[in-house]
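Two forms, one protein chain; structure tokens for each follow separately as structure 1 and structure 2.
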Structure 1
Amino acid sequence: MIVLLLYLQVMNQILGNISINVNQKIYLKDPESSDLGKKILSESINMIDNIGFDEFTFRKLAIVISSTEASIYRYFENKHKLLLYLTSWYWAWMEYKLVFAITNIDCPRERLLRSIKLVTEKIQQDGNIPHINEIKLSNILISESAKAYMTKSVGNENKIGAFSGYKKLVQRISDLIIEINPTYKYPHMLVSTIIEGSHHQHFFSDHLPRLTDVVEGEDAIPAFYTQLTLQAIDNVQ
């Protein structure tokens, strides 16, 4: 028990000092470098979660944070770049959580199961980064993240590495699949389907419940995608 408590104390210290890195080409000035920048992140998450990305504007944000639009534009070129930042931050944070969750786990299958659970379950508030509400940010990813990459500018943004965090997360889980079954041909397709599909199912669960399934006593979405993954990689013809 004493060893466990000491371990948890050390882990809490590590978590309390984490720094999530986002591609520098997405922003003009690092919002993590100032109190105003952190306030921009915090309140933009609150606003987008409340009113949606389409209704969100820098003018509305400026009023909420008692600042000016010009001040916000010093950090982000436009609201699309802000959305890119928020989604990139989320994927980098998820990769960090994944690495932490599977460290010191020897069994590849167990590492994969933990990874699937992590990317498909409901997000819990982290609390180690006070200006980021991870639950609200997760809501934004579920309902708005496609707007970050389903654009005419996706090719150019991809070239500057705007989606590298998402790709790294998919690659890590794909590597686990290949470790279990080197003959499986579609690991990246499977992983991106799991992540995007789980977002859809969470949205359906909250807003269009007849498009999904609720199983009493079961966390149905992680359970479904775990079953889907294992059947896919264990039954390759």
Structure 2
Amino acid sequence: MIVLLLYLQVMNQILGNISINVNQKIYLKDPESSDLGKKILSESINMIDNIGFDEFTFRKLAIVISSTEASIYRYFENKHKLLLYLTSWYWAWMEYKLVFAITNIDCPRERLLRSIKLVTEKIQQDGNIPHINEIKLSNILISESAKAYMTKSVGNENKIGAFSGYKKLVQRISDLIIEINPTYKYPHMLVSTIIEGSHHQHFFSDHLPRLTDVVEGEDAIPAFYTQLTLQAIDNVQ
């Protein structure tokens, strides 16, 4: 427990000096560059977490940050682009956490295990980036991220690099798998199945429990995906 707290403190201190970079083509004006921009980020995270992305509007957001719709539109073309920003931020942040979690770990299997744990377990601890609540942001990823990429505009948004953070993370973990088993045929499928799947399972455990096997007090979701992964890569047929 003390080790965990120390680790989080170290993380937070380092995070205090770094910043997560999001593809410039997603926004009109960098929200990290001003107080208003940061308020847009922090309050949109609160609001989307509270009322859901469908009910969220720039008008409602303008009221709670005591600003105007027109001002918000100077940062983001529309609410969909704002969601893309939040998801990109999240994946860049996860990649950072991943690199941090496996640095100096020599054993490839241990590196993979730590990676799976990181992407499948629920975010419980907020970092120290004042305008981003990572717990709420991770809830948004669980409930709303499909709305970010399951659109007819996915091709155009992919072209401007809106999903590169997600793809980089998948690639990193796929590389770990290939390091352990160079003959494994489906590393990307396995990793994207784990990431998307664990989001679904978190959602199901809260709202459609018949679709899951989550037991109170157990870490069933990371345990299930860890087991699945090890069985997949250890048994080459």
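Everything numeric in this text was worked out from a predicted model, so none of it was measured. For residue numbers, the reference is structure 1: its sequence is counted from 1. Note that the rigid core is defined as the largest set of C-alphas that superpose within 1.5 Å between two forms.
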Index of the chain form predicted alone, chosen from the pair: 1
Core-aligned, is the CA shift for D219 between the two structures 2 angstroms or more? no
